[in-house]
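This document opens with one chain alone, in structure tokens, the form predicted alone.
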Amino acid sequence: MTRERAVTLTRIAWIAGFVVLLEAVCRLHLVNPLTLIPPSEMATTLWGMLASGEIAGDIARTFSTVAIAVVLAVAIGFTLGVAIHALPRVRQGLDPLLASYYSIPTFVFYPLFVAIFGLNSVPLIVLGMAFGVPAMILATLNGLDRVPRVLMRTARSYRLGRLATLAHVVMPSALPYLLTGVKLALAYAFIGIIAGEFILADAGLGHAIAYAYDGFENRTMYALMLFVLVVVTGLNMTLHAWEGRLMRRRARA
């Protein structure tokens, strides 16, 4: 058994053990049913909701908003990261700001975004970008910093132009770190957008969860929470596995 497969099986075992424990705690009524329901009931309710299509609109709304926010965050963050990396003095001034960015409560600007852009998807996209862009900038800087100098000297010795060097040397070497930025941008976009939907949005998974909470619909609320958790975890683990393969390939090269 390879180390990678052993790690994967260990993760699955931990998750399965936690689910079984939570199921037992709920079934033995060690937790008030009004507070928490068994995972099996969450899954059953979620399956029924997916089969009926009642949450299809909310899923489409949230996922399309997240997708737009992530694409813009990655594109803008990568571009800014490359520009900042090329300007050492600018980077020196921005490094402390980027390092402390997530201590700023960005979410408090959401009502301002709504006032500017209206009650639609645009404020949520801007909020998701605000969470994701700095992560992509930092990942880009980290990736460009770790391009081996010997590769750059080799590119110069072969008289490769800037675009050729970027395509054949810089990007393949920095790609694992860029993928880390994509992974973080995706996670932060989901956090910001679903949290925003809790407050002022008129649709989306966050809005549906908040509506179920206000109506004391525990089954619906936990089913939607389970759906978000499974989807985001699955996407994150897929990107993490891809990142790991790229890092191992880079180490062998």
Partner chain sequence: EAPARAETITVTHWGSAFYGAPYAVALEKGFFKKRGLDITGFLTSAGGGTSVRNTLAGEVPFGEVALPAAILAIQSGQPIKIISGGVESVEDILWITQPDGKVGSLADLKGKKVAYTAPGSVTNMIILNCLQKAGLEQKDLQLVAAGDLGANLSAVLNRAVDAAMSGEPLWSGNQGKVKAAFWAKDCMNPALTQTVGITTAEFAKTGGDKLRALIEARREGVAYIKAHPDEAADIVAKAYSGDPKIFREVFKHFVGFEYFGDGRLHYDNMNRMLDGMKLVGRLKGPVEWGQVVDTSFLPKDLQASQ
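Being a predicted model, the structure only gives us computed values, none of them experimental. Residue numbers count along the first chain shown, from 1. Basically, rigid core = biggest C-alpha set you can superpose within 1.5 Å across the two forms.
The same protein also exists as the form predicted in complex with the partner chain; that form is not shown, yet it is the one meant from here on.
In the predicted bound form, no heavy atom of residue 45 sits within 4.5 Å of the partner chain. Looking at residue 115, you'd find a heavy atom of it within 4.5 angstroms of the partner chain in the predicted bound form. Interface membership of residue 90, defined by any non-hydrogen atom within 4.5 Å of the partner chain in the predicted bound form, is ruled out. In the predicted bound form, the partner chain sits beyond 4.5 Å of every heavy atom of residue 51. After superposition on the rigid core, the Cα of residue 119 moves by 2 Å or more between the shown form and the other one.
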